Structures are given as C-alpha cells and as structure tokens.
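Below, in structure tokens: the form predicted on its own, a single chain.
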C-alpha cells in the first residue's frame, strides 16, 4: 500500500507587511515560512500506518514549491519515510487549488498510490478545495474533515469518521483508492529528533516539473487556474471605543453613540 501525502509550505505574515507591486499577494520579504498545520496531522497518520504495518506500507511526502519549500519535506522525512518528491517550475507560480490538484493527481498516478492524504485546508488561503479537486481528477472516492480512519493494506473499503456541524460525527464506508482530507486532532503529531533531522538530509528528494507528467504551462499557473486573485488588501478596521465611568455615565455615552449613528442632532 502506497500513501502519498501532499504537504505545503505556508507563509506567516509579520505584523508589519506590504503587498507586492502587482497587488495580488503579500511581498515575500515580509513572510516567514512553516509547514501547514493540517499537513502535520496527515503526515502523522501516514507514519502511524507505516509503523503498524511495516514494509506493507510506503509513505511519500510531496510538495509543490520552489527550492525553499524543500524544508517541509525534510521536516517530514526527519520523522519517517525514505524519500520525498518536490515539483516545481516557474510556470507554476500563482497556481490555484485546481492547478495544484492537477499536479498532485498526476504524481499520484505516476506513483501508483493507493491513498492521498491531504490536510483539510491550508492556514494561508483556507480554500479546503485541494483534496476534493484531486479526488475528482482521479475519479477516486473522497472524504473530508476526517477525524478517525481505519485503513488496512489491500482493503477494498475503509471506515472513516467525519466531523459535521454542531459537534455531530458520522461514520462512513469509503471505497479505495481514496483521497482523505485530514482534520486537526485526529492524532498527536510527533517532534523530529535531532538524529532524525540529520538523517533526513541524506534521504533522496526527487525534483520534477509538471512537464514530466505531461502537463503544459497552459494547464498550471495563472493560465491553468479556474480562479484568479484580483487584488489583496487589508480591510479598513472600524473604530472601537472603551466606555468607562459609572453605569449612568456609560448609559449616557451609549445613548450619544446611538444618536450619532442615526444622524440625530
């Protein structure tokens, strides 16, 4: 059983930042980077399955990103797994969820994967769309917001628990192969040991382009995206006022504010 785990490097915005010149994203000089929080849980699930079933399970982390994104693969490989895959080309810049999903789906086909474990969403864009897009492209079953899963090698069906609204949880049967979008709290992600961090640097990371999987430049990047960022900006914040004083003074001030908002003089 082979499990492909897409992991993403997400940008963390400083308190003071600037939008890049084209107005479509934050200037990279104001970003710090780390692995997407949800992806920590999907990778931990893969590690647990490999530890349970040994050589019957192969786990492979995948990231779509430039050279610096290789850090997220090393982060994963420091905890376990034997190799990673990174896909990048300048044509992939500004790819949306659908364009990235096309790459992930092609890698899954190339690797003959049985399962793709994504995070439920990413902490930067929060679209929660990549998993379902990958499943649609592969024509595989998909389950989102997965909080518990029972997978065994060579199983034709797996049992999955999903989080629903109002604290409700449902248990469903999913045909394999499948794409599962993993929710926070499904497990407790481990920390990488110092030894694991050193060993990760010696593990192979295969670097490929979307073209290696038969995708053209027109199918990725902004041209291949079904959605396009028009602009990014910080919305104006409303002014808040802390009302102090006695109860009578506070009530008087509230009445004044209501009159001001209504335009009464």
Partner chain sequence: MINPEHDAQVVTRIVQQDFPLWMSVTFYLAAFVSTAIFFYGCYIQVRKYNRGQPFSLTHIKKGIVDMIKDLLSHRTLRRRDRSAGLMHALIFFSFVLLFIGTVTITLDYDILRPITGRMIFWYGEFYLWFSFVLDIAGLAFAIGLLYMMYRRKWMALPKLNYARSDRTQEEPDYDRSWYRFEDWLFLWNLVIIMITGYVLEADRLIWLQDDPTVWDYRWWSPVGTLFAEAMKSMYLTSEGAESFRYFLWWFHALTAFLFVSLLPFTKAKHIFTALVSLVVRNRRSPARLPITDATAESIGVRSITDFNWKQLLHTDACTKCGRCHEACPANASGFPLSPRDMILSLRELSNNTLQKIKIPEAPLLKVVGDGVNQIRPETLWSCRTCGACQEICPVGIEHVPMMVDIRRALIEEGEMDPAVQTALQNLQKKGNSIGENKRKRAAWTKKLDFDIKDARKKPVDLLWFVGDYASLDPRYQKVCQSFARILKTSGVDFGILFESEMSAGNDVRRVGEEGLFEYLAENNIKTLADCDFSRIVTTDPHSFNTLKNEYSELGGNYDVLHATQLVRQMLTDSQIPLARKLSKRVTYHDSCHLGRLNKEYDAPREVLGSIGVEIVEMPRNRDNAFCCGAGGGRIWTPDPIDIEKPSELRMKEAASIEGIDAFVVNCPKCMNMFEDAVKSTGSDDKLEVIEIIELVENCLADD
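Residue numbers count along the first chain shown, from 1. Because the structure is predicted, anything quoted here is derived from the model rather than measured.
As for the form predicted together with the partner chain, it is not shown, yet the points below apply to it.
Candidate site formed by 53, 150 and 170: none of these residues places a non-hydrogen atom within 4.5 angstroms of the partner chain in the model of the complex. Checked against the partner chain in the model of the complex, the residues 207, 197, 26, 229 give one hit for a heavy atom within 4.5 Å, which is 197.
Only one of 31-39, 220-228, 207-215, 53-61 lies within 4.5 Å of the partner chain in the model of the complex by heavy atoms, and it is 31-39. A residue is said to contact a partner when one of its heavy atoms sits within 4.5 Å of a partner heavy atom; residue 177 fails this definition for the partner chain in the model of the complex, lying far away. The closest non-hydrogen atom of residue 193 lies within 4.5 Å of the partner chain in the model of the complex. When the partner chain is considered in the model of the complex, residue 189 lines it closely, a heavy atom lying within 4.5 Å. In this stretch, 159-181, not one residue has a heavy atom within 4.5 Å of the partner chain in the model of the complex; the partner itself is omitted from this view.
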